[in-house]
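The chain below stands alone and is given in structure tokens; this is the form predicted on its own.
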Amino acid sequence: MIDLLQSVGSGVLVGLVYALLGLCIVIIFKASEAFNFAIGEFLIIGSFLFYTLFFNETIPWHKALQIGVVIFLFFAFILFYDKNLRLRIAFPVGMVTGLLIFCFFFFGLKLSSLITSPLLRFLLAFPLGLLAAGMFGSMVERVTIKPLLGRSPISMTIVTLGLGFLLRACVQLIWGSHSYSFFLDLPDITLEIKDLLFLSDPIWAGILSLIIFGLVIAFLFRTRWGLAIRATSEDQAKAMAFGINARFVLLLVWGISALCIAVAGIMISNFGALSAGMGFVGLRALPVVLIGGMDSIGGALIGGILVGICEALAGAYIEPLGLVGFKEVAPYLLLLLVLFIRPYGFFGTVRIERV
């Protein structure tokens, strides 16, 4: 009984991280009916951005220069280049932003030398890393998704497939394919209840994931822009008819999604090491959203917890029987079982199409 409770508790903590990944898929799907297959690559990039801030990791000048030039072109020609804006505004903004990004990647912020306390450094680097990840997500949306606005959601989904391969190659080009040691050294909050033992890192992962999950829900249901996002998710054409800027809503949704993915990536990297090959972890979002329901925010939370518990139980009871690696397959077997019973997931909207 103790082993069962231990496995379930550990599964719930990891499942909260998976639920955050599922939330990222759900909010994009609700806003545009497109599925983001590049979630694993967003997870890697968000983790590396935080890693660069927290551990003062720098890259060679020629790679930093390339990133700075790309940021300059983005700000100068894509984000600010508009008929109502003059080039004297677009070019200076692009030059300053590109220069700052170059200095950030080449020189670093030296947080590790300025702030010796790991907790204080984390409290400063964490929001900055999430902000950088959110801006990256918005930049990707502006370049790849915005031109497809109004077209079939299938076209957006296909674009994310190619985007995933491109981003993975860019990560390997900039940071290489080797692993990086990743240890946040947060305060020890290990919980021991009689014979049950929950380590500090999974507890921190569950707490931070739950906090971010709650903040996103509060934003969606308690703010004006959250109302605009929900209106756009119900009917994009009607929302635009009522004066809602659907283009900006999509930009906001992708930024929030990239931010949440970065949180999950940081917590998952803290379990071991960070590398360009850990993008497969993002595939855990597939059983999460399909079990809970593609358009259900609450379903993402339930689905994430179920996937985490399933994975933990498989690792504790089935793998010792000789089926090594079965816990990697168990969530997908659970997915098949659920889809046989409820094809739209536990909380997904049942759609009836008449031909």
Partner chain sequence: MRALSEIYNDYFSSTAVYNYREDERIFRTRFMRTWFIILLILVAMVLLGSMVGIGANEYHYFIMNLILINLIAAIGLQLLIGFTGLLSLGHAAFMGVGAYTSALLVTKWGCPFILSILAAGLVAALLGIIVGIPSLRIKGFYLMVATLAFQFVIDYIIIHWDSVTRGIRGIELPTPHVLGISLEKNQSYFVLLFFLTVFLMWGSKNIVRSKIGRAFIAIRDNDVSAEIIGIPIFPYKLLSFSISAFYAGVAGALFAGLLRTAIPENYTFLHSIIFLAMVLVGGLGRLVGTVFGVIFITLVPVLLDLIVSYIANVYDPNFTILLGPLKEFVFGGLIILFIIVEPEGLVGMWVRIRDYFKIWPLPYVSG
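Positions refer to the first chain, counted from 1. It should be emphasised that the depicted structure is a prediction, and the values quoted were computed from it without experimental measurement.
There is another form of this protein, the form predicted together with the partner chain, and it is not shown here; the text below is about that form.
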Exactly one of 247, 230, 121, 168 has a non-hydrogen atom within 4.5 Å of the partner chain in the model of the complex; which residue is it? 168
Answer option from 309, 65, 302, 294, heavy atom within 4.5 Å of the partner chain in the model of the complex: 294
Within 4.5 Å of the partner chain in the model of the complex by heavy atoms, the stretch out of 137 to 145, 214 to 222, 236 to 244, 93 to 101 is 137 to 145
Joint contact, 48, 105 and 130 to the partner chain in the model of the complex, by non-hydrogen atom at 4.5 Å: no
Wondering, does residue 325 line up within 4.5 Å of the partner chain in the model of the complex on heavy atoms? yes
Do residue 173 and the partner chain share at least one heavy atom pair within 4.5 Å in the model of the complex? yes
At 4.5 Å between heavy atoms, is residue 335 in contact with the partner chain in the model of the complex? yes
Does the partner chain come within 4.5 Å of any heavy atom of residue 69 in the model of the complex? no
Which residues within 147 to 168 place at least one heavy atom within 4.5 Å of the partner chain in the model of the complex? 147, 148, 151, 154, 155, 157, 158, 159, 161, 162, 163, 165, 166, 168
